[in-house]
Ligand SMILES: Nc1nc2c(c(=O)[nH]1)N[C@H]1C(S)=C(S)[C@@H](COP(=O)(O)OP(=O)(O)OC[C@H]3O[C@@H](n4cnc5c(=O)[nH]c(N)nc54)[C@H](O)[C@@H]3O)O[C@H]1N2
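Okay, here we've got a single chain as structure tokens, the form predicted alone, with questions on binding and movement later.
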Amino acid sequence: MPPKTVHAVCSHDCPDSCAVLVTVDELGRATRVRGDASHPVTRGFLCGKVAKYLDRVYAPDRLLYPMRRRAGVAKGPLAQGREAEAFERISWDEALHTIAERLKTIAEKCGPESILPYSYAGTIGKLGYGSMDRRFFHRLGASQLDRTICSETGGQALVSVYGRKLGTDTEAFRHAKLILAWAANIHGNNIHLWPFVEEARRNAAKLVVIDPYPTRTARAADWYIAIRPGTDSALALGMMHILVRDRLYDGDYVERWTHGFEKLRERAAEYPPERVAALTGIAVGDVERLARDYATTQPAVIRLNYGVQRSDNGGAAVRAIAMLPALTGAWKHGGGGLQLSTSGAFRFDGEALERPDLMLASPLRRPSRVVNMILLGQALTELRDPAVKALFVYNSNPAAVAPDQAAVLRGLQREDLFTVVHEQFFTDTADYADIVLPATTFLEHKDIQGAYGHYYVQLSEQAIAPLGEARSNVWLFGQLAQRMGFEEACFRESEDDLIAQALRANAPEKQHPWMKGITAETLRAAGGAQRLQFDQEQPGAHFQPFAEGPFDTPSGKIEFYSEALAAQGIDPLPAFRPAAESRHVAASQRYPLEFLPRKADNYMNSTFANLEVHQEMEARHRDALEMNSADAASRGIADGDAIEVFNDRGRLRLKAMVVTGAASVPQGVVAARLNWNKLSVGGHNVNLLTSQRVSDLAGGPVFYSVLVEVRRVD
């Protein structure tokens, strides 16, 4: 075949959803990946991870064939490169037959709810994330998974205020005069927003960063505000206090488009700057200055990220921050407002893809139980009626990323648990599998995708044939359904069929106005990407989602006070409440340091962690605990010392990285980075220390509400 260039879309869990041009030679091998210069957000470049993506696709240790655990080999961690000692190659026919027969037997003996799927956003393509897989498990009657591990708390918080997950147009950030990056490491994990930030700064905009960790973005900011972990709601309410006290809010906007202002005024009165300073560790003068700068600079925009919601009080924190642009009327100004997620703009037909109605055709004849993915350790070790007897993992690496790792690994080690893992590499989770199946990368299958950081629908074409015997999620679950004897025609549909259903292309009269006329054909004709069609948008203008109402909330207005939350027994107004593990709780003195189990800058959660080029970029921080010099000195710890960081859930052996100056973590805070267990000293990563507690809204995780102590060891 002649050489060609194919339009694909990076499907890794990132707001940028980059348009990728893949050069394929005459032998069908991908020889280059680059950003599409014609895409208004990708703008011709890729992040450091995906720019090296062919290292991942063609990695020598890529999983390319179905594998089965050898008889007599116990489940447990395997050294990298030693997997063949525990697994043997089998055919796809044998793998599918074995899985289908085991699932049938388990469903008959223990009930179908004893089967638990576990997946998340290893791919955010609509087909790979949730289509044929959901159909399969719905028809089977398996337990449903509540996918809360990343964004559910923050997403539901945003919806409770505005009714939908929409935000400031990425391309409009260039017009802002004040950009407030709140727990948002734009330069590290939202890199395609950065050129718009820099364009705004060249036009005299100021970048302010609020974060408990001095990220890349914080080090590049005009003003970095170090906040104590989990106190973001207090700061936002303190800003509201000043806005109301000094009449710096937009009275007309508040009167016309918000609900519950008087109640919010009363709540904000409880957070004077002095109290906020004591809670957050931010000086009183800085709280005052931040509020005034934010209120008096227009356009002002907040880039809020999901780290804020990963605490006990995370839902309230996101709600409080999200209310700030409604108080100041920032939504009226092009380039103003807030961006957490834009995903609510993409009106794909999720019901057509996932077919929840198939649960009524399952042996249960009803919707099956729901298991929160945060509670995986509990589900595998304690859940009964029925107990989990089979686990099917895809698009995720729970042995590394799920909280309370010791409980998770105890569950995965069960010899009576039948575990299937669909993966690209032998991850920590694959080490515990009975059957391992090879998965495709985004270069090797077709998909359709929106974004949570811009407003472009994109078609990702298949660039190369799957390596070895790797297969996509769509193929795998369609084949398994047929092996199980499911006769519904939907299990034989192709990727093209699913894409048409996602877009409602077969029923254009049902398309949402924003997606009107978008089909696979129009996407191809447009070079792979089309912008959503917003009613009020004029040519050359930017989408301003909340400039005026009505809004998709019960009141039709932006809700400062939520009757819907009150009906659920949740505080209808945002408030600061200390985490169960925080410096604000007297019992915490046993473990006085607040621990930030950070994602590595050069990995994507646990993805890319096994590749040497990315490991080299993370070398300085691998197996290291960042400490403030004062905290280290009080414990007799010097830079480079061997240390133990511990709490009641476990103990990690790391090396001390004692930091001073602007790059230092705040006193009382320590930080370490996520890695694979098998690549970490002692065989455990930071999630050995995290808990299965859930946040105040939507059952999300509390990864950043963790207390530890540190001691020097020989």
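The model shown is predicted, which means the values in this text are computed figures rather than measured ones. Numbering starts at 1 and follows the sequence shown.
Beyond what is shown, the protein has a form predicted together with the named molecule; the following relates to that form.
Annotated contacts: Gln156, Thr258 and Ser562 are all free of the named molecule in the model of the complex [non-hydrogen atom within 4.5 angstroms].
In plain terms, the part of the chain that comes close to the named molecule in the model of the complex, with a heavy atom within 4.5 Å, is 417-425 out of 621-629, 635-643, 417-425, 378-386.
Among the residues Thr342, Ser143, Thr440, Thr170, the one placing a heavy atom within 4.5 Å of the named molecule in the model of the complex is Thr440. Checking Ala234, Val301, Val401, Val318 for any heavy atom within 4.5 Å of the named molecule in the model of the complex turns up a single hit: Val401. Remark: Tyr120 counts among the residues lining the named molecule in the model of the complex, judged by a heavy atom distance of 4.5 Å or less. At a distance threshold of 4.5 angstroms between non-hydrogen atoms, Lys599 is in contact with the named molecule in the model of the complex. At the 4.5 Å threshold, heavy atoms of Trp194 stay clear of the named molecule in the model of the complex, well away from it. Contact annotation for Glu113: none of its heavy atoms lies within 4.5 Å of the named molecule in the model of the complex.
Residues are counted as partner-facing when one of their heavy atoms sits within 4.5 Å of the named molecule in the model of the complex; in 170-196 these are Trp182, Ala183, Ala184, Asn185, Gly188, Asn189, in sequence order.
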